[in-house]
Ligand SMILES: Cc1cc2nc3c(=O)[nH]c(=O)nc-3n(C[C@H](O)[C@H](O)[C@H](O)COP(=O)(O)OP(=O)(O)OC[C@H]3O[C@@H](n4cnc5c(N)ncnc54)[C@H](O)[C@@H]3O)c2cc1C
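Okay, so here's just one chain, in structure tokens, the form predicted alone.
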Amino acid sequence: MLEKLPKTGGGSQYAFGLRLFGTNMEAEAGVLDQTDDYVRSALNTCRWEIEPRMIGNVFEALGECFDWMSTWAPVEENWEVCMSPWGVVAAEKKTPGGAGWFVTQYAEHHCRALGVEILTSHSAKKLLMENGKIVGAVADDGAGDVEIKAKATLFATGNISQGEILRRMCPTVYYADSTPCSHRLPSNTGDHIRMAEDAGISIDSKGVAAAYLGGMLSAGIPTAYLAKNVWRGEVLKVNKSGKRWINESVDAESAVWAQLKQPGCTSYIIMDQAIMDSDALPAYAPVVNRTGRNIAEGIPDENGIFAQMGRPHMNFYQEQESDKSAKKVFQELMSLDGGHAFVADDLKTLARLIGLPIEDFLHTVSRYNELCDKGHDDDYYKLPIFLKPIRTGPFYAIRTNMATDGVFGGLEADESMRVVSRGKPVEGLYCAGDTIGNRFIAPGGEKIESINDFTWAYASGYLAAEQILSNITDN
């Protein structure tokens, strides 16, 4: 195993959501195996534009992978069958820490126990090919090249979040800055695309898409601090032109495509002292099913009745926990260079500090205050509970920019996770996880996926390994 970073796991160690169905744990609890229903729901989500057999094979591998993991990791101590956050009875992690951390840590322990050689700080740079077959790879260990021959090679290089490949494959992606985070590790440079291109393997350029997260603090402050204190519904949001552009009471994910259209994809959260001192009202989370994260909406109950489940586990106003107050977050932002937060005794000075057109900004605030006094948002139909005027100084502003969960795809896979080039499988080369572009569709640049990324990586990696071992045995 070649690992580019000094530590294994990559972005997966930060992942939380592992959707599960068809496992022995669920069967023992009397839960019906609805794998086929999930396949149909995923295909419906992706408008039947992706290969059904590929989705079916990966979804069937999901339960098998979890059952196999149960033989070498303390699954029963950490998982239980309960009502999941996605509205169905399923196996869910019950102990602290994300599923990604659990899987990556115990997988490494298991590999080392079996004698698998893990070469950290080894960056794969080139595929070895003989007579049209991939027979290994060349890696850079920092001191020179290391050549490794293999009967089969698996690409599992993660998403594309940094570097020249990102700019070339997805030039419209807008980033706040270069601050690394769990979704933007320095190692996520699209090495699978570069290596495939160098080997003459075709790239699925249409299967490259960003998963936008919405307005995020541009300084890289962890999102746990944002949900309650920045994504709050009672603020006013303006763009670089000083104009209001959104119903602030919807969450950032719902506002993604509106913020992408704002100048520089930038927005400013405006608060007065009264709002800063008040308890935060988290933004309203509408029921949406555009990214595959809510594919349970297409799952019938035991009587065959379909229900729009949405997010039944959440309150009408999405509850978020944070151990930092709005004041604490603001103070941290003020201490950083780069113009992330602003404070002024009057609105005119605040506009001048931010660089907004003063008269346009003052008109926006005046209009907003009129609507708050009226108790009805004639412009954007904001829920009345969130209509709080901006009047009591000092006044505060926080800059937010677009961020993503990564940029995904580049390679096309068949139903056995073999890399496909110009319609034909590449002998000896497989792929898994974020490298696969034909597992989602991207109408208008929006990534609509069959299931969330970590679950896909988990199951597709297992399926690829099964296929590799089968082919090696057969040969």
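Numbers follow the displayed sequence, beginning with 1. Predicted, not measured: the structure shown is a model, and the values here were computed from it.
Missing here is the form predicted together with the named molecule; even so, the following discussion is about that form.
- Taking the partner from the other structure, the named molecule in the predicted bound form has a heavy atom within 4.5 Å of a heavy atom of residue 454.
- Among heavy atoms of residue 437, none comes within 4.5 Å of the named molecule in the predicted bound form.
- In the predicted bound form, none of the heavy atoms of residue 153 sits within 4.5 Å of a heavy atom of the named molecule.
- For the chain shown alone, residue 410 is not a contact residue for the named molecule in the predicted bound form, no non-hydrogen atom being within 4.5 angstroms.
- Only one listed stretch (185 to 193, 357 to 365, 341 to 349, 71 to 79) carries heavy atoms within 4.5 Å of the named molecule in the predicted bound form, and that stretch is 185 to 193.
- For the options 237, 93, 399, 122, the one in contact with the named molecule in the predicted bound form, meaning a heavy atom within 4.5 Å, is 122.
- Note on the partner interface in the predicted bound form: the residue among 157, 267, 249, 404 having a heavy atom within 4.5 angstroms of the named molecule is 157.
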